[in-house]
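For reference, the chain that follows is the form predicted alone, supplied as structure tokens.
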Amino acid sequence: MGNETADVVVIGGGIIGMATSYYLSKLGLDVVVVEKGEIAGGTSSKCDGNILAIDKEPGFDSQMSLKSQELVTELVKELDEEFEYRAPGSILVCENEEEMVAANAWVEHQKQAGLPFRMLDRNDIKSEWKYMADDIYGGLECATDSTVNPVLFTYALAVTAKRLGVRLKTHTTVTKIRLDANGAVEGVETSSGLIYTKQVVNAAGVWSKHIGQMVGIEVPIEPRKGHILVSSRTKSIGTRKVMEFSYLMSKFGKERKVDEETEKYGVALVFEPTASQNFLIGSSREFVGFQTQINVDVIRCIARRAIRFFPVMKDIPILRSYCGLRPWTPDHLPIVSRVEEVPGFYIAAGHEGDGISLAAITGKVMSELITDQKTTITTDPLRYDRFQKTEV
């Protein structure tokens, strides 16, 4: 144990913390990452690996995703290790005529914003997806959507950042953030010693609220639990990601035409083939605090939903299931921001299920904020103080 100095201390060794550290190290800053467990040990290892624009609100949200997709294609060449990057596009499928009408409006909005979206009819779906249920009405496609292995992606960022000089302190707990007489950051106390620094990035995911309380601010991030099923290796059902259109309804808290249990657990079909020739099936959304025990009722509900869209799945063995906690914010956008009332304190958290999608753009923008550069995208919708403005 001993005292150190750093230009920036990043709290959190998940995908957001590692992307931030990588982009900071590219700018030549001296960075220390403090992680209470292992790199990618939290949410980043308990999720799927999608870099999606298809499930983002038209406008700023989808444009941010598109920029992140572009950055990930650069990271494929830049990073020292491979992370199973593929870009097959993705689709949303519709169960009824009402969803098709909503999907068509969604596609028109996205196309007007310059995104590569198009509608698919029943024949388009059936010609690509021979195992899809016969009564699916159609759907929509985003051609640029890609997928990665989220753990390998996080490690590739970490390994490259380490080569560029970033120091990784795993199994190290932050115990206090020191502020000077003016309320500005001056150091981080950890279980392995003090790190003198004037800049701290709170990239602690679902634990960001706890870190915020150390400097006297309230970070409006709550854990939202999600389950995923993993199949055994099997014949190819499909080569790219499929979601049901009402996944968007579940994501944004809108009313859906589903049974009571499906609604209760926020279950909506997400099918993702992996590079290992099996597939992941999700998804669910629940507020149950920090409880991470597998709920068999949720697993059954996800399986039923998958079989509804792909009847062949009833004959495919499931290897295992797991669940993780996603950092939710009230407006479904992350916080990527400096905190004005605590000079030197930044937040990069609150991505919920979009952490893998938005890691690259988040890391790049955070490095630009810290070094007072013009940011790659506007950060106004991501500011921390947007929540304070809405208080009555």
Partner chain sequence: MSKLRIVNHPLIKKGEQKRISFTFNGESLEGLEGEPIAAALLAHGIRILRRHEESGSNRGLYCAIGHCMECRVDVQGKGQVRACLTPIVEGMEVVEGKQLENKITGREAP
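Residue numbers count along the first chain shown, from 1. Every value quoted in this text rests on a predicted model; they were computed, and no experiment measured them.
The discussion below concerns the form predicted together with the partner chain, not included here.
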Legend entry - Answer option from 213, 291, 277, 104, heavy atom within 4.5 Å of the partner chain in the model of the complex: 277
Legend entry - Partner-contacting position among 73, 239, 96, 191 - heavy atom within 4.5 Å of the partner chain in the model of the complex: 239
Legend entry - the partner chain contact in the model of the complex: residue 77, any heavy atom under 4.5 Å: no
Inset, instruction - Classify residue 233 as contacting or not contacting the partner chain in the model of the complex by the rule of any non-hydrogen atom within 4.5 angstroms, answering yes or no. - result: yes
Legend entry - Partner proximity in the model of the complex: residue 273 to the partner chain, non-hydrogen atom cutoff 4.5 Å: yes
Inset, instruction - Indicate whether residue 86 is a 4.5 Å heavy atom neighbour of the partner chain in the model of the complex. - result: yes
Inset, instruction - Any residue of 298-328 with a heavy atom within 4.5 Å of the partner chain in the model of the complex counts; write them all down in order. - result: 317
